[in-house]
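Heads up, the chain below is alone and in the form predicted on its own; it's given as C-alpha cells.
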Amino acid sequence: MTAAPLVETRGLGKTFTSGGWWGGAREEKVAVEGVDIAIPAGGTLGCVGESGSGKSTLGRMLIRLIEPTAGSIHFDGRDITAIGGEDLRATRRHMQMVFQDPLLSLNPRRTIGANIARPLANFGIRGQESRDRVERLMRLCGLDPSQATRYPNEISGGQCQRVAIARALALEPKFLFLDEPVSALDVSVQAQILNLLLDIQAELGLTYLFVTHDLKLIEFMADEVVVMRHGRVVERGTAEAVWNDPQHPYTRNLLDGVLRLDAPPDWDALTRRLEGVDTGAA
C-alpha cells in the first residue's frame, strides 16, 4: 500500500519580475511552470537538473521561503499556499531545509551548540530542555557533544554539515528539503553524510526532497525522480528506471555527462547532443 503524500503540488509555478521603475521595461522570467509532484510520507523524491533548471526554486516554494505565483502546495493534506502569520510559523516547524554550503549556513559568531539551539529558542524552548535536546541531536548526527562550545570555523566541512542537519532536526520536522547537501564537501565525506541522512530518515520516518545536479547520487538516495529543464518537469519515474532507461533526450544527455570508470567520456559527442537539445532536436 502506497503511503499518502505528505507534500504535493498542483500546477505550481513561479515567475520573477524585474525592472519597471522610472518608465523602464518590466521583465519577467519563468523559473518554475506547471509542476505536479507528490512525495509520500517517509519517502524521498530526487529532483535533478542543471543550474538554472528551477529545482532549488521548487524546493524553496515547498517550504514557503519563496511565494508561488501559480498553483498550490499541500502539506499533510492541507493547502498551505496562502497561509500566513502565526499559522505559517506553526507550519514551518514541520518543514526545514539543509543548505548547500554548511559553513555559510551557520552563524560564525555562535557556537555549535548555540547554532543548533537557535530554532528551539525561537519557539520558546530554553534552559535544560534545550541543552538536553542539543546533546541528543549532536549524538544522533554523529557529533561529540563536547564540541558544542566550539565555533563553525574550528571544525571540518563535514562536521559543519552534521551541525546543520542537527539544527534542521531541532524542531522535530516531518519534511526536509535537502538542497545539494553534499556538493560542497570532499568526495570522501559525501558518502558519510548521505548515509547519515538515510539512517536518520529510517529512524525518524522523515520525508525528503533531495535536490542535486549529480545524477550519480539519485539511485542511491531517491525512490522517485523528477528531471527539470527550464522550469518544467521533462521526465519522472523510479530512480532505477530514470538511471537505467531514461526516456527524454535531455535526461540521456545529463547521464552522458556522468564520469564513468569503464570508458572515458566523449566530450565532442556530448556537446553535439546538448546543442541538439537546445535547438529542440530529439
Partner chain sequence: MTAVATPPRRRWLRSPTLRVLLSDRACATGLFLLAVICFAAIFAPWLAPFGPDEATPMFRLMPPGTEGHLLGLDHQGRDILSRLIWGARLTLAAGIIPVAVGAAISIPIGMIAAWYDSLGAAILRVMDVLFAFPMALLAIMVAAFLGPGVENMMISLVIVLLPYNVRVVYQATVEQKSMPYVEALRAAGTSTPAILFAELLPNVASAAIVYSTTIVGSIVITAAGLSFLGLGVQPPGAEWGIMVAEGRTVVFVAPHVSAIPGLFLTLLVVACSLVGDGIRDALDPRVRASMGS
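Predicted, not measured: the structure shown is a model, and the values here were computed from it. Residue numbers count along the first chain shown, from 1.
The following text describes the form predicted in complex with the partner chain, which does not appear among the structures shown.
**Q** Heavy atoms within 4.5 Å of the partner chain in the predicted complex: which of the stretches 132 to 140, 73 to 81, 185 to 193, 100 to 108 has them?
**A** Heavy-atom contact with the partner occurs in 100 to 108.
**Q** Name the single residue among 65, 30, 41, 234 that comes within 4.5 Å of the partner chain in the predicted complex, judging by heavy atoms.
**A** If I apply the 4.5 Å criterion carefully, the residue I get is 65.
**Q** Which pick from 171, 204, 198, 125 sits with a heavy atom within 4.5 Å of the partner chain in the predicted complex?
**A** Comparing distances to the partner chain in the predicted complex, the residue within 4.5 Å is 171.
**Q** Quick one: does residue 119 come within 4.5 Å of the partner chain in the predicted complex, counting heavy atoms only?
**A** Contact check for residue 119: yes, within 4.5 Å of the partner chain in the predicted complex.
**Q** Taking the partner chain as it sits in the predicted complex, is residue 89 in contact with it (heavy atom to heavy atom, 4.5 Å or less)?
**A** It does: once the partner chain is placed as it appears in the predicted complex, residue 89 has a heavy atom within 4.5 Å of it.
**Q** Is it the case that residue 96, even though its partner is missing from this view, gets within 4.5 Å of the partner chain in the predicted complex, heavy atoms only?
**A** Yes, contact at 4.5 Å.
**Q** My question is simply whether residue 229 lines the interface with the partner chain in the predicted complex - judged by any non-hydrogen atom within 4.5 Å.
**A** Contact check for residue 229: no, nothing within 4.5 Å of the partner chain in the predicted complex.
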